[in-house]
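A single chain, nothing else alongside it, follows as C-alpha cells in the form predicted on its own.
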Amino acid sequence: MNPLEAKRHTLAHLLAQAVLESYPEAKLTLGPAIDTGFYYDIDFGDQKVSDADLVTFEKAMRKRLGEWKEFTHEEVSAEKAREVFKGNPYKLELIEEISGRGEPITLYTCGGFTDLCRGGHTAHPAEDIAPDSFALDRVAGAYWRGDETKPMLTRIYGLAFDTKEELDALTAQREEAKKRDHRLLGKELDLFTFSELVGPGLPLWTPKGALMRHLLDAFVWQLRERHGYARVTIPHLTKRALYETSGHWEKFADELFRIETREDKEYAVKPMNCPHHTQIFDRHPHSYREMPQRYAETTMVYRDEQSGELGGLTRVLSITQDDSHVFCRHIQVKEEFFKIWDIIDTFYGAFGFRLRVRLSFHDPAAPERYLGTPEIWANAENALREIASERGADHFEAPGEAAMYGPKLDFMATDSLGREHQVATIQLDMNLPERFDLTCVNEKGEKERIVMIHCAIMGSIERFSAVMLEHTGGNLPLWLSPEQVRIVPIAEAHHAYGKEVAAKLQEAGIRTEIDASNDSLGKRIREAKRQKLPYVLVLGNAEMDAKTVTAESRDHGKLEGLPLDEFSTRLTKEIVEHL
C-alpha cells in the first residue's frame, strides 16, 4: 500500500470513530481507501443521516486527529473477535469469512478506537496527515457487499490528498466538471432529450444531435474503409438458440430483454452483435486467401440495466455501437490489431485525448465468469502482451476486467480535466470461434480454427458523446458542429448580403444559418456565442461594400476583412482534416 493510500485508509477509521461519537448505536461495516479518498459504509438503523451531518463528522475528525499518535495491532482468535464485535452482524460475518479462509484476524487500534482490519495505515497519523488535506464529500446509499438482496447502508465519502493544494485542485476540477456535465450541455446545445413516456435510459436525439451522431459515425467509417472493412446489417432480434450457443444466454441472463411470440417461441433483443456476425461469416466456407474477413456496422443493442444505474448518456438501455468483427487466422492477429490501433489513435487524436492501454485479463480465481479453457486464455493473454510491447504502448495489466469470452485492450483516455475514461476496446476472442466451429481452409486443404477480434472505436456513441462533450465543454470542433457558421447582419439593409454569403457557404458544404431576427445586434451575437458556435459572421456596410466577411472565431479570435472565397477555403480545409 502506497503512503497516500495508507493515509486514506487511516482516515476511514478516523471517520468511523467520529460517526460513533454522534451515533453510538451505528453499526460499522467496511471502510476502504479509493482513488480520491475513502469511504465507510455504516448501518444507522432508523436514524437518517444526510450531507448536513458531514460538518459535524468532519469537525470531530479534525479534533481527534491530534490524539491519533500511533497504531497498534493485535492478532486475536475468532472467539475474541466475536466478543469485541458482538451485536454487529456485519463484522461477525466478516470474522466468519476470515476464519473460514484460515487467515489471521487482526484488530487495529489508534486514538482509543479499535476496528477489524487487515492493516495498511500511516504509522503516525497526527504527524503524517495534514488537518487541511482531507474533507468529507457526500452521503450515498450502498447495499451491503453490493448485493441488492441485503440491507441498504449509508456510505459516507471523503476526499484526501497529501496537501491542501491537491485537495483544492480536485475541488476546482469538480466544480468545472459540474459546468461541463453532458446532461446540461445536451440541453443547452439541443442535442438530446429524455421523455417520461418513453422511459429512462432511452435518449431521444434531436436533429442537431442526430447530425452529430452521424458525423461521428462517418468519421469512424472513413477510417475503417481504408483498412478494408465491409458493411453488414443484422436484425435486432434473435432466437434463443443463438445466444445459448454463444454462451450469452447463461452469462447475460439478467440483462436480456426477452420476447415470447404468440406461438410460444422465445426470442431476445440483442445485447451484442458478435453472435449474429458469426453467422454471416459461416454462411459458406472460406479459403485462407479470403482471410481476414472484416465486418462493421453501427447499430443499437439493448441491455436491461437496473433503473438506479441509469444516468444521462453514460448508462442507457439502448446502446449504439460502432461495432466491428474481424475473422482472421492466428498469424494475422497482430497485423489486424495494429490496423485497429491506428484507427483509434487517429480518431481520439482528433479530439486531443491522451491514451494509455489497459490489458484487461481474466481473474483466475473466478473461472466461472468466463468461457473457454485456461489454455485458451493463457494463449490469448500472452498474445496481447506481445502486441502491447511491440507497439511500445503505455500499458498496464488489470486482472478481472476481461470480457467473458476473451481478454481485451481497453483504451483509457485522459480528458481536459485530467479524468480518465475507458473508451475504445479491442478484444481477442478464441472462444466464439470454438463454440460456432468457425474455420477457414488453409494451404494444405485442411480446416483451420480461426479467431475473432471485436472492436468498437467509440465503445458506444452515447457514452463517447458524453465524454467528448465534457472534454470539450460543448465547444465541438468545426467538422462536428451541427451549425458551423451563424451569420448576423447588422441591420435590415445587410440582410440581402447575408443571404448571399449564406448561400455560397452552403454551396461549399458548410452548415450555415442566418439570424435576421429583430433582436438587438448584441443579443444575437451573445446567443450565437451561448450556443458555442465555431464562427459568427457580423456583416455590415464595410463587408457588403468590399464583398468580404468579418468572422468572430470561437477558437482563433477575430478575423477581419476576409474575402469570402478565402474564408470558405479555410473552413473547408479545417473540416476535411478534422481539425
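Values in this document were obtained by computation on a predicted structure and should not be read as measured data. When you see a residue number, it is the position in the sequence shown, counting from 1.
This next part talks about the form predicted in complex with a further copy of the same chain, which is not shown.
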In the model of the complex, Asp128 touching a further copy of the same chain (heavy atom, 4.5 Å)
no
Answer with yes or no whether Thr238 is in contact with a further copy of the same chain in the model of the complex, where contact means some heavy atom within 4.5 Å.
yes
Does any part of Arg262 reach within 4.5 Å of a further copy of the same chain in the model of the complex? Heavy atoms only, please.
yes
Would you please decide whether Ala493 lies within 4.5 angstroms of a further copy of the same chain in the model of the complex, comparing each non-hydrogen atom pair?
no
With a further copy of the same chain left out of view, which of Gly111, Pro200, Gly474, Pro89 would have a heavy atom within 4.5 Å of it in the model of the complex?
Pro200
Assert contact residue (a further copy of the same chain, in the model of the complex, non-hydrogen atom within 4.5 Å, options Tyr143, Phe436, Trp249, Phe351) equals Phe436
Assess the spot marked by Lys27, Glu67 and Thr106: is a further copy of the same chain within 4.5 Å of a heavy atom from every one of these residues in the model of the complex?
no
Tell me which of 370 to 378, 352 to 360, 211 to 219, 495 to 503 has residues with heavy atoms within 4.5 angstroms of a further copy of the same chain in the model of the complex?
211 to 219
Considering only 442 to 474, what residues come within 4.5 Å of a further copy of the same chain in the model of the complex, judged by heavy atoms?
none
